[in-house]
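Two forms of the same protein chain are encoded below as structure tokens; each is given separately, as structure 1 and structure 2.
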Structure 1
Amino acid sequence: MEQVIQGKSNENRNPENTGEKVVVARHVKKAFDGLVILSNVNFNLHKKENIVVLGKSGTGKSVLIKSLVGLVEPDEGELKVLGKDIFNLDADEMEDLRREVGYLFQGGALYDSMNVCKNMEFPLKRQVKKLSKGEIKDLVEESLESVGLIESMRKMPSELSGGMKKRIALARTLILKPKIMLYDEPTTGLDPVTSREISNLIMEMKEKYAISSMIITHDLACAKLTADRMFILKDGTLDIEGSYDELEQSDDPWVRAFFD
């Protein structure tokens, strides 16, 4: 068994990692009011790869993925997403990039005043390319079928369980056919059965649409099911890297604490 490798790339662990790099981060740094959150972040995300990031609360995991869509602006470093330099995009270019990067927020972020169908239609109507009513209907139905909730189209969010809301939110994010998905604690607050359903959906979407994903989670069952590679964010870096099994069997007490 390989040991946890610190400060060295393990990218070829996944056979698909020989392909295109959809995210390249080099020496990314971010501080808030003098408090360093990201001190030297380096990683690549490849096409059709799932990376899982573990870390203690408040260590900057959400800051990291928000930086990939310009919701947080790093102070230093190089950050390229789908070949585009995040630091040098204007507002219109950033908006175009965000259409290719889906972001599943912790709470799902459905609009309470809209039924499921209207929630699903919302991102489609904000596109530059105008779609016909028939095209919108087909996309909504396809996305809801992909998460097994076509029958919930006319329901309001208040009528949905936590797991159903999460699946609808995932379907709404996928409706724009993103090339990259960012998941911020996708199974938080869900029971084990529903958490496994969401984890399986993440894998199904990867295979069906060749999506690359970065998954922030504390849920080890989710991590084990979804990760091609895993990182642990510590002291603002992602130097601790390995497969799930490698990290779980690490001799490093700090690493093992995540699995005990």
Structure 2
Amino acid sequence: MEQVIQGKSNENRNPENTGEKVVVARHVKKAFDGLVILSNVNFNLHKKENIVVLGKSGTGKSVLIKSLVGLVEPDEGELKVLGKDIFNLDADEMEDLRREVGYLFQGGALYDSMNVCKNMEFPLKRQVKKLSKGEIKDLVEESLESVGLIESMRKMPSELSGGMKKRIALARTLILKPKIMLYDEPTTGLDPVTSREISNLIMEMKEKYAISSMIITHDLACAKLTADRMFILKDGTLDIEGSYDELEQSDDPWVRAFFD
């Protein structure tokens, strides 16, 4: 099958891509019960770059980003995140690394037993660096403000709509000012207006804090707004790669299927 653009040749197409690599994946493989999900994943994520991954449901997009934070352990390959080899970290080192990486779960994963405010404070209160009560309150308010949900501060997760949960979850992740953000379908299930707000927020965080992001989405509007580079996960590889326009103009029927 013809690929849009072959692997390494375009690595420096985007001027920002000359920067340092925050994630390097080489020949990453993962199988569950003999069922191969990722067969040969190769990609780089550069500092202050957004990459978007498209892919059909069940192709292993979530597995891919989970492996970047050690929630899923790949079987083979090389995987470096912020210069650290994921395969050779002990529990403490992994904990340290995870503090640098934010992860927005597909379902939000808000803590059901805590209200929104407690949800936001939870990671902050358990950081190595102790913050004062006032600092925590300011951070929480600022974060909630940025997703437009300051008035929901005292609500329980069960009282929130799906979209609100997602935005709170996003705020809870961004409050830690991670170096890398992994977004698992940040706009799925949201109306177009809120989706655009979230996409803009992703861009704003990138500019403001030089965050590198990997965004998994089915939402082309979000992809168009946020992507520096795009990948399509197919047959366990990320071999189909290009900018949004390149992929959109591709005549590969497989790629076309996403845009039509």
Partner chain sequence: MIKLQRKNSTSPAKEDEVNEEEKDVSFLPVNVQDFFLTMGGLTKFTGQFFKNVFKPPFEFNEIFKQAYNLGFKSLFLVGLSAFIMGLVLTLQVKPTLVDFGAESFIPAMVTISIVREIGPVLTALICAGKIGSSIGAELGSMKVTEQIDAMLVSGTNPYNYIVVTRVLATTLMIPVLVMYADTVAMLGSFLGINLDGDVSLSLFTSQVLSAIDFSDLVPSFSKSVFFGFAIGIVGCYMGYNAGEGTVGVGKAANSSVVVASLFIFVIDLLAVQITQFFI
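Residue indices: 1-based, along structure 1. Treat the numbers as computed from the prediction; the structure is a model and nothing was measured. For clarity, a rigid core is taken as the largest C-alpha set superposing within 1.5 Å between two forms.
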| property | result |
| --- | --- |
| Structure identified as the form predicted on its own | 1 |
| CA of Gly189, rigid core aligned, shift of 2 Å or more between the two structures | no |
| After fitting the core, Lys155 CA displacement of 2 Å or more between the two structures | yes |
| C-alpha of Ile180 moved at least 2 Å between the two structures on rigid core | no |
| Lys166: CA movement between the two structures [superposed on rigid core, Å] | 2.9 |
